[in-house]
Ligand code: GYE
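Okay, so here's just one chain, in structure tokens, the form predicted on its own.
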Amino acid sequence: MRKISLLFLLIIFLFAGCSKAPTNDGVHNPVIGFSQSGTESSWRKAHTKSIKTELKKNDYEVLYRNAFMNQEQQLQDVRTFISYKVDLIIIAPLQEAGWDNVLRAAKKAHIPVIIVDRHIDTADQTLFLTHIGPSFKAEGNRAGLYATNYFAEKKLDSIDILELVGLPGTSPSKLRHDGFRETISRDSRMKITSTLVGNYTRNKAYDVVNKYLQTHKNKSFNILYSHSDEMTLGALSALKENHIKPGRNIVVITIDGQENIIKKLANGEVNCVVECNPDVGWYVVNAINRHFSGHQLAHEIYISETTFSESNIDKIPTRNY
């Protein structure tokens, strides 16, 4: 383990929201740099809390930085961790591309890296130890399965789908789309007729859906498939303002599983919620412990997730986000 002076660590911890101060005898616990992409949703805040909580429970010192949806800031945050000579870096990347140079710098400094949540796009898979997070394609598959099952017995010649995607250039946007399209292809009536970009935020989703409805007043659709709950909440407001009853006039399928969207499921405004589990802290810390113990990690670690609808609404566990 690298040793950093007591004064230097105290300064770092003061401004980085550290987990605890180093011991007086000069012996320090491993220092983990955690770079989070943003705070755009309750899901993201729960994701951050899960990782930080588990790290602290396992006596790791935590240097935390939040990029607030800015790619250049996040790259700089990781460079800061490298200059601090932390023992390991966790990155929840905002974008897939652009990571090779900073990850090469971490590798040159002998600092291992774990990627969480979204993937990164690199030809050199040795630049990080493992990726820990959801199977985004499987989430899309589950959303598509609900759609095909829902309409299986309904006598419709065509089933039009409005898709609301998140940030372009991110693995959730691509894989949730691919998984959904792969599954709905089993029903030739189903077509994604329009795709809107909501950037994973409520306000942006409201704006694009409202504009779409205002400019396509004579064009109806059967399904709203949204890649995140925050975007779904914005879309629901736009639908209702345009006199469309979500969950009744159209089927609403969303991904995440926030408490506020589960309430919408209970009152019938949402038909299906595909869970994207933010509670990855245990998986992350287990991987870190195994790495420091000399064990080799699987290069891809998926977390468990499920699907909620009216059929199992009474069995949904309490949401903490």
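Please read all numbers here as calculations on a predicted model, not as lab measurements. All residue numbers refer to positions in the sequence shown, first residue = 1.
Quick note: we don't show the form predicted together with the named molecule, though the next part is all about it.
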Next item on the list: Answer for residue 52 alone: is it within 4.5 Å of the named molecule in the predicted bound form, judged on heavy atom distances?
Entry: no
Notebook entry, point to check: Does residue 44 reach the named molecule in the predicted bound form, with heavy atoms at most 4.5 Å apart?
Noted result: yes
Check: Is residue 40 a contact residue for the named molecule in the predicted bound form, using a 4.5 Å heavy atom cut-off?
Finding: yes
Margin query: in the predicted bound form, does residue 232 come within 4.5 Å of the named molecule, counting heavy atoms only?
Written below: no
Notebook entry, point to check: So, 118, 200 and 276: all three within 4.5 Å of the named molecule in the predicted bound form by heavy atoms, or not?
Noted result: yes
Checklist line | The single option of 136, 146, 99, 221 touching the named molecule in the predicted bound form, heavy atom within 4.5 Å | finding: 136
Check: Want to guess which of 157-165, 240-248, 106-114, 170-178 is within 4.5 Å of the named molecule in the predicted bound form, heavy atoms only?
Finding: 170-178
Item checked: Members of 238-256 lying within 4.5 angstroms of the named molecule, judged by heavy atom, in the predicted bound form -> 256
